[in-house]
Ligand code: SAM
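Quick heads-up: it's one chain on its own, the form predicted alone, in structure tokens.
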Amino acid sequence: MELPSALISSLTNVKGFNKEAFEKVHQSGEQNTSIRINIHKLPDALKADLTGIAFEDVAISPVPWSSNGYYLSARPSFTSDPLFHGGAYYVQEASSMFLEEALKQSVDLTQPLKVLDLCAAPGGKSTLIQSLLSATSLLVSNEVIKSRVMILAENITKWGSSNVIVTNNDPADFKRLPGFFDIIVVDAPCSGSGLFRKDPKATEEWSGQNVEQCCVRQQKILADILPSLKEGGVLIYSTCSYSTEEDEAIADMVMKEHPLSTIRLSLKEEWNIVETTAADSNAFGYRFYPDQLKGEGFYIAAFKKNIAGDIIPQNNKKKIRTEVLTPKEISVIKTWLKNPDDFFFINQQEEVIAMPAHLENDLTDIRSALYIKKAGVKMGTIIRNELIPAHELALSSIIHHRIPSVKVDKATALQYLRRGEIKIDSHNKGWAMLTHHHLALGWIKILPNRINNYYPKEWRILNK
């Protein structure tokens, strides 16, 4: 791999940069693979034997700055693992898992919080955030690019939580929610130099001009989004770029142009994460170099909002008509939930959605200001007083444990995930969850002479 000479020159005097070691690790061809376990879905028994069940002949070791992150000694076929499709874990780059430390050291995660993950697709940071938040919190997971929202919604669905709203909006749209969020995470679009090892072809697209364009875009994103951060709230900014223009210079801009102060994070020496300070403001930032730790290039910084000076009042919220369910429909829905009184229900385009009751007002505010792609858990459609269950319900953490289920082996699970014909012996009739190692994969309907496979067509495994 030939690294851009302009990039190397620009990093010469950057703290922590070692030209020889940096170039050597990029020439080595080494690749790291890491996952983060879904603590809300993976049974304890399965955690203890993850290598024997999901990753045969693959050793695992912990990511030092993540409570649920693990390195894999080799990259298995995740597509061929039913546990992956069931949301038991997420494949995430190890350096970016440091977001956990940034959040833990900046806010009290036991409190009810409103969190925005602004540039969220495909969902790695959103699922990480969701694993850390209290049950009384709300995560808004946003993606501005319409073509990427579907994969974000899919990964949020697989993670199984109900207190998440997926939106598809421009950062400027969030000005309609002034002072709304306690935490905003901006993993900003960048020039991508930190991921050259994972995508060598990206070196051909890198240029100083692209860095400058990204810098301008990053400044606009932050200016647009900061009015929706409440006083005392926390901003987490990150990139996968080595360029100071996209990292420390942005931290300087944040401190100079907005009412924020820097947050210094504690590091363990053995992590080999490099602490830097921005040239003008001395804002603290944290650099990850692949020649010094087991991870890709990454930068992250945390800030606290001091005053609400840049909040722009908005009084033009749209009123959204919501179709409520009848008492009979609610009684049908409640039989599927383990804690039905903890939710409220709405009927949207003939589909029932369950949302935590304490988030009803928040959902009203967000629906009036933003375009929502997904909210809470889609329960399904009620036809003649019977629920036709949605796939989201099967993968959620809110479903009642008494709902009929059928356990299958790996071969049958993969056939199901391909949306193929499956054969099982079961005394159940009607709707049932198909499970593999106690993890729900989706719905089947058991009929007298066949089994209908209801795995979503758009999610099915295409390879054999």
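As the structure is a prediction and not an experimental result, all values here were calculated from the model. A residue's number is simply how far along the shown sequence it sits, counting from 1.
Although it is not shown, the form predicted together with the ligand is what the next lines describe.
Stretch 142-150 is the contacting one of 142-150, 341-349, 262-270, 325-333, since its residues have non-hydrogen atoms within 4.5 Å of the ligand in the model of the complex. This chain is drawn without the ligand; in the model of the complex, the residue among A251, A120, A88, M379 with a heavy atom within 4.5 Å of it is A120. R217 is the sole member of R217, H358, K304, K294 with a non-hydrogen atom lying within 4.5 angstroms of the ligand in the model of the complex. The ligand is not shown here, and in the model of the complex it never comes within 4.5 Å of any heavy atom of L133. Though the partner is left out of this view, G285 does not reach within 4.5 Å of the ligand in the model of the complex, counting heavy atoms only. When the ligand is considered in the model of the complex, D187 lines it closely, a heavy atom lying within 4.5 Å. Under a 4.5 angstroms non-hydrogen atom cutoff, the ligand in the model of the complex has P171 among its neighbouring residues. Residues of 1-26 that come within 4.5 Å of the ligand in the model of the complex, judged by any heavy atom, do not exist; none qualify.
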